[in-house]
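One chain follows as structure tokens, the form predicted on its own.
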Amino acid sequence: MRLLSQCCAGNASATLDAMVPQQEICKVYDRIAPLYDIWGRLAESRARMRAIELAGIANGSTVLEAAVGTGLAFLEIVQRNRDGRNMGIDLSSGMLEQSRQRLRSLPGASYVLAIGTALDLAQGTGTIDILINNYMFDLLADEDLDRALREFKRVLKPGGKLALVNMTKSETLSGGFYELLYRLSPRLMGGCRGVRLTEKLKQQGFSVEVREYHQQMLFPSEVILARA
């Protein structure tokens, strides 16, 4: 009850901060990795595919997906960029194992999957054509949002594309169910809460070209295309 009262204090329309520490996120997603695809297909698939469409991946590109998860998007990326460089990173070894299993359907494809964090990317400055990131910023503490965006800006080539999908603040009454659930049990929501990144992207020097709101199974997502 104390957690609920803390969450609900103040302006109910304000964006909530993360309530599951980053050091616990790996454990949460290692545990749910074998079942994540069910949720991913039911509630996230339309927004995820829209981001890939907006990214306009040309074969031969250098593409990084940060927070690759179970590879639902990464499979599409590699299929579209068979002659390019495809890199996927994630904090969760369980999620990465699901990605590896999924990519076995593309023998001989060019890709690398590795443990990594968006807060300290291993890629060099100005080396990435397209960076794709799905449902990660809604897990990060407010204090880490700018840090991750700075890293994304650093590794992207000038004019490089950033395609983002996040759980966002609902724009409908029905979509507010998930925020209520987060307030009651952040871990039940996998640590995800609604965020809005357009202004933060602009503050970090990105040019935002598209911001769309999508709702699937009542779950609210924002899809953003920005350029470095």
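One-based numbering along the sequence shown. Please read these numbers as outputs of a predicted model, since none were measured by experiment.
Absent from the display: the form predicted in complex with a small molecule. The rest refers to it.
S.K.: Okay, which stretch from 75 to 83, 154 to 162, 104 to 112, 89 to 97 lines the small molecule in the predicted complex, with non-hydrogen atoms inside 4.5 Å?
M.R.: Checking each option against the 4.5 Å cut-off leaves 89 to 97.
S.K.: Taking heavy atoms and a 4.5 Å cut-off, does V68 contact the small molecule in the predicted complex?
M.R.: V68: contacts the small molecule in the predicted complex.
S.K.: Looking at the partner-bound form in the predicted complex, is Y178 within 4.5 Å of the small molecule by any heavy atom?
M.R.: It does not: once the small molecule is placed as it appears in the predicted complex, Y178 has no heavy atom within 4.5 Å of it.
S.K.: Please determine whether T127 contacts the small molecule in the predicted complex, using a 4.5 Å cut-off between heavy atoms.
M.R.: Heavy-atom contact with the small molecule at 4.5 Å: absent for T127.
S.K.: Answer yes if any heavy atom of Y29 is within 4.5 Å of a heavy atom of the small molecule in the predicted complex; otherwise answer no.
M.R.: Yes, Y29 is a contact residue.
S.K.: Report yes if all three of A47, A51 and R227 come within 4.5 Å of the small molecule in the predicted complex by some heavy atom, otherwise no.
M.R.: Contact check failed for every one of A47, A51 and R227.
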